[in-house]
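Given as structure tokens, the chain that follows is alone and in the form predicted on its own.
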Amino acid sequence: MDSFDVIICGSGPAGLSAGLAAASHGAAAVILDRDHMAGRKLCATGNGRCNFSNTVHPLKFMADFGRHGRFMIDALRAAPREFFLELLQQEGIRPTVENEQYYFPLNGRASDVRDAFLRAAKRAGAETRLSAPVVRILVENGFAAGVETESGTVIRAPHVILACGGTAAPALGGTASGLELAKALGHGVREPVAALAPVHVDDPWTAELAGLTVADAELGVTVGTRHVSMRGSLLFTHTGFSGPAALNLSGTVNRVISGGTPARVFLRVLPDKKEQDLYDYLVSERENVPDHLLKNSLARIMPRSLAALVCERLFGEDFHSKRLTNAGAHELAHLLDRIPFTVSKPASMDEAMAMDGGVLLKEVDPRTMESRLVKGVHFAGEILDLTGPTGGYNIQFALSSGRLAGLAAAGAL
């Protein structure tokens, strides 16, 4: 029977970081993964380039995860981005910053980031076993005692770290296995929905704009009496929207749909202009250039193809500014301030880069990432009910929470 100090389930960024941390502090550690390839999803992130962190200040970094973001304060203290930047450089990988915010490996190969952690963990003494699905966490008298694999092999250890990821991207190894292991231990799980995914709208006219990118847009959704919105680049697709604004809102949209009702989504293509500003502009155009086509006037402040489509749908083709009544100007300004859409079909996990949902945070001690229900069981990364926006947030959290869990399991805190 195998025996270790720490068993890590999962070889993604959280698992690799945990294994490295535990082994580096004297613990006999083994990393198990059900897949035949370590860190397969990590190797595919950022279109194979791996945006692994960002330059955002830690306070804003946590705030960008939403109201539970401060759960990660101890993880970020134990393993800030600077720790991983130095680690990668020691492994011969030079990080670079794009758009003054996003960290990538300079050589553009995500697999090199995975390999750097594998090398460092192996050098520290951690063992990695692939094609070894864990089917049960062993518990004795309320304490972790090891795991049982699908082959029936029992591996003993007083600490087990669940860093199994989530259900997103099943083609890259995403499964519910980690969530099922957590449930078997008695943990509550907020059922996952697709996050960091496209938003598919019911309104077919958006397909006419497929390929159009709005550099700065605001996409929002009504949640009860609240409006939740995300701002950033937006891409029109044949089925709706993609780009950062849509990706970052998708988890909230899909959560609304999971409640059984369609989501009411709105788009602001001029997020810095209020409805009154738009009305004033339209009236000014009517008075100053009455013979101009209204779509051409709008094209000076918004994408030409969208301006033409909106004008055509409201007023017909070749509509001149001089024909615009005050009521028509109000109607158009109101529409442009919040263009409405209906979403009744959620994105699938096949399209998602992450899941929204996971192990309930209230059942995990943020100081050690240890379960409040079973001593010696720790959690890290995507398996937890904490999802951030695109742009290096989720990998950084996985790395930091993995390291904190590994340090705690090794008794190094």
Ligand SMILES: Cc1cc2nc3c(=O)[nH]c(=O)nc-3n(C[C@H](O)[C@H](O)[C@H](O)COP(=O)(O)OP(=O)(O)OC[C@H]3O[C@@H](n4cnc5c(N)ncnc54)[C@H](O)[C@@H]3O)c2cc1C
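Since this is a predicted model, take the numbers as computed values, not measurements. Just count from 1 along the sequence shown to find any residue number.
Below: the form predicted in complex with this ligand, not depicted.
Peer 1: Contact with this ligand in the predicted complex for residue 371, defined as at least one heavy atom pair within 4.5 Å: yes or no?
Peer 2: Taking the distances in the predicted complex, the answer for residue 371 is no, it never comes within 4.5 Å of this ligand.
Peer 1: Although this ligand is absent from this view, report whether residue 364 comes within 4.5 Å of it in the predicted complex, heavy atoms only.
Peer 2: Outside the cut-off, so no.
Peer 1: Applying a 4.5 Å heavy atom distance criterion, does residue 28 contact this ligand in the predicted complex?
Peer 2: Contact check for residue 28: no, nothing within 4.5 Å of this ligand in the predicted complex.
Peer 1: So in the predicted complex, is this ligand close enough to residue 35 to count as touching (4.5 Å, heavy atoms)?
Peer 2: Yes, residue 35 lies within 4.5 Å of this ligand in the predicted complex.
Peer 1: Heavy atoms, 4.5 Å, this ligand in the predicted complex: which of 332-340, 198-206, 238-246, 178-186 makes the cut? Say which one.
Peer 2: Of the options given, it is 178-186.
Peer 1: Could you spot which one of 306, 134, 269, 116 gets a heavy atom to within 4.5 Å of this ligand in the predicted complex?
Peer 2: Filtering the options by heavy-atom distance leaves 134.
Peer 1: Quick one: from 282, 256, 169, 214, grab the residue that has a heavy atom within 4.5 Å of this ligand in the predicted complex.
Peer 2: Looking at 282, 256, 169, 214 one by one, just 169 meets the 4.5 Å heavy-atom criterion.
Peer 1: Only counting heavy atoms and a 4.5 Å limit, does any residue of 328-359 reach this ligand in the predicted complex, and if so which ones?
Peer 2: Those in contact are 352, 353.
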